[in-house]
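Shown below, as structure tokens, is a lone chain in the form predicted alone; questions about how it binds or moves come after it.
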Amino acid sequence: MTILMPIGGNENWKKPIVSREFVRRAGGDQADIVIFPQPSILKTTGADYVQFFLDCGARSARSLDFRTREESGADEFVDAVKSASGIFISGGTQMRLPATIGGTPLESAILEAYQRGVIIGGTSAGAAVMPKVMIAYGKGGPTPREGIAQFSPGLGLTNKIVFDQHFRQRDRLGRLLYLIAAHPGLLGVGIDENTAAIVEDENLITVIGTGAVTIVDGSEIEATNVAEIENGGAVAVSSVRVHVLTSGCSYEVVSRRAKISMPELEA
């Protein structure tokens, strides 16, 4: 089974429901976590996550602290990924990681780890960088507009889904609609802060956390003028399906069907 765990950013470290689920799926008290802090410009990011994951119950945690393509070629980093049971990518600027490891043995090691069942988690930029097509930069706003988002190659862990983060908090529905209008074959997944969309085998998406996950499905789009609009103009698109899912809800990518979890009522 392959597992991706993109997180919308701003996890609650005092009540780490989402992060503890990542550690649990990585092996719990047998989890060996490898951290990629490269998206962050803060020097303490890696060390902070090492301590955080140990506090969440992992057996071991190690930050791979390199900043250049030359440094990324060290055998010790590839070996660390090969022995990990969970890989985590920090927040920051998503372009930094593929620019540093794209096309290297280390990137290949991450893909191989994912394919053999190692859970890949990431928060904010670490979530955005997971797909083959990632949202690299963009603006907020509810209306899809020409140029509202810029796309770039990501790590290629999925070629079916695109993730956006800080979704409701930064009003990013417009840019996800723009992407899906431009390529209806992709599934848009917008993730709120302190919330994760756990993706199993590129099909079953399960929500955990205090916010919501917004699914933008363009498979039934009837018409759009996205290819004709210029100069930041508003884009028209018809027959987009949108689902808003909260903790416990799920979605099947293949069938394009959502399952809503109903809260238990007190007697």
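Each residue number is its position in the shown sequence, starting from 1. The structure displayed is predicted, hence computed values, not measured ones.
What comes next is about the form predicted in complex with a further copy of the same chain, which is not displayed.
Undergrad: Give a yes or no on whether each residue among A234, S239 and I260 has a heavy atom within 4.5 Å of a further copy of the same chain in the predicted complex.
TA: Yes, the whole candidate spot contacts a further copy of the same chain.
Undergrad: Among E70, D201, E220, D55, which has any heavy atom within 4.5 Å of a further copy of the same chain in the predicted complex?
TA: Contact check passes for E220.
Undergrad: Report the residue, out of P131, G91, P144, G86, that has at least one non-hydrogen atom within 4.5 angstroms of a further copy of the same chain in the predicted complex.
TA: Spelling it out, the residue with a heavy atom inside the cut-off is P144.
Undergrad: Does any part of L245 reach within 4.5 Å of a further copy of the same chain in the predicted complex? Heavy atoms only, please.
TA: L245: yes, in contact with a further copy of the same chain in the predicted complex.
Undergrad: Going by a heavy atom distance of 4.5 Å, is R96 a contact of a further copy of the same chain in the predicted complex?
TA: Although a further copy of the same chain is absent here, R96 would stay clear of it in the predicted complex, with no heavy atoms inside 4.5 Å.
Undergrad: At the 4.5 Å heavy atom threshold, is A212 in contact with a further copy of the same chain in the predicted complex?
TA: Residue-level check for A212: yes, a contact with a further copy of the same chain.
Undergrad: Taking the shortest heavy atom distance, is C249 within 4.5 Å of a further copy of the same chain in the predicted complex?
TA: Contact with a further copy of the same chain, yes.
Undergrad: Report the stretch among 58-66, 29-37, 225-233, 44-52 that approaches a further copy of the same chain in the predicted complex to within 4.5 Å, counting heavy atoms only.
TA: Among the candidates, contact is made by 225-233.
Undergrad: Just give me the residues of 180-208, first to last, that have a heavy atom within 4.5 Å of a further copy of the same chain in the predicted complex.
TA: Residue within 4.5 Å: D192 only.
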